[in-house]
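The chain below stands alone and is given as structure tokens, in the form predicted alone.
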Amino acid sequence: MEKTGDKNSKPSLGKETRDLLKESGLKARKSLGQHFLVGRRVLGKIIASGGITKEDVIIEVGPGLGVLTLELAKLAGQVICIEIDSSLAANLGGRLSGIDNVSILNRDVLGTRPSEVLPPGETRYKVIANLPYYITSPVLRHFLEAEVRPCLMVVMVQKEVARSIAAIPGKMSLLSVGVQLYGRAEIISAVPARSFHPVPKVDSAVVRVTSYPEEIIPAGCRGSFFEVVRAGFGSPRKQLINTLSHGLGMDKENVSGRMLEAGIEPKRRAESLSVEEWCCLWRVLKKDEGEGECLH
């Protein structure tokens, strides 16, 4: 924990957070998964991982008490905060009213398209956030599948979820494929539970996802692609030939032949496939369905 004895040093974020909550009559809402970041070193790692410049527009999800917001505002051109908690949004809006490059929106991020909140004509932005555990996957999917996708995401998530997001073939999951289809994922730093107030029951990690400049699968074909991936992960411990034939309603001989055509051994399991292999497999499994441009 950070020292507070030196009167010239900054007070700990933990004390600042507790004092602010008390003064404002606010408290962390368990129903919204609120855990406020109180680790100053962790805060520094998040900021450094974003590579933020004055050219950047940042969308921050769940700013809470604004600890991260204030640091982002010092570096970015514009910070757009989306906070679902009306009490926190009002408090933050009042406290940061004098900072002209920060805007606070009291909205549900999952019901908000990035294009609705970005400056007119802006298509390049970054997402930086301490995400509530219970909406991690939906929020990632919301932005990565958006019409206007972020060029970079730096997010705090549950440690086990971070491992899944950044997994390599052999440990892949539906979440791994769902994120890595859109960008390169990496774990930046582990974050102990004591770095938050109130202290959660699990550790966290900072994850960075750098979006690919071009989509691997066209937007109109994602449904077809993920139908195959979901079928493959239907029973992760079974061989792919079995899970795919069952999940897609195809006979095993047909599935086996197409897997071999894609260069994939039928006895392999879903967790062993890379994103590239899933793309190859999807193309041969769906080649008779007339997907047009998707299958070239």
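Since the model is a prediction, treat every value here as computed from it, not as a measurement. From 1 onward, residues are counted along the sequence shown.
Missing here is the form predicted together with S-adenosylmethionine (SAM); even so, the following discussion is about that form.
The partner is absent here, but in the predicted bound form a heavy atom of Leu131, alone among Leu131, Met172, Ile80, Val179, sits within 4.5 Å of S-adenosylmethionine (SAM). Of the stretches 141 to 149, 83 to 91, 212 to 220, 164 to 172, only 83 to 91 has residues with a heavy atom within 4.5 Å of S-adenosylmethionine (SAM) in the predicted bound form. With a 4.5 Å cutoff on heavy atoms, Val67 counts as touching S-adenosylmethionine (SAM) in the predicted bound form. S-adenosylmethionine (SAM) is not drawn, but in the predicted bound form it has a heavy atom within 4.5 Å of Gln34. Among residues of the shown chain, Asp100 is not one whose heavy atoms approach S-adenosylmethionine (SAM) to within 4.5 Å in the predicted bound form. Shown alone here, Ala205 lies farther than 4.5 Å from S-adenosylmethionine (SAM) in the predicted bound form, counting heavy atoms only.
Residues Arg107, Asp108, Val109 are the ones in 89 to 128 with at least one heavy atom within 4.5 Å of S-adenosylmethionine (SAM) in the predicted bound form, listed in sequence order.
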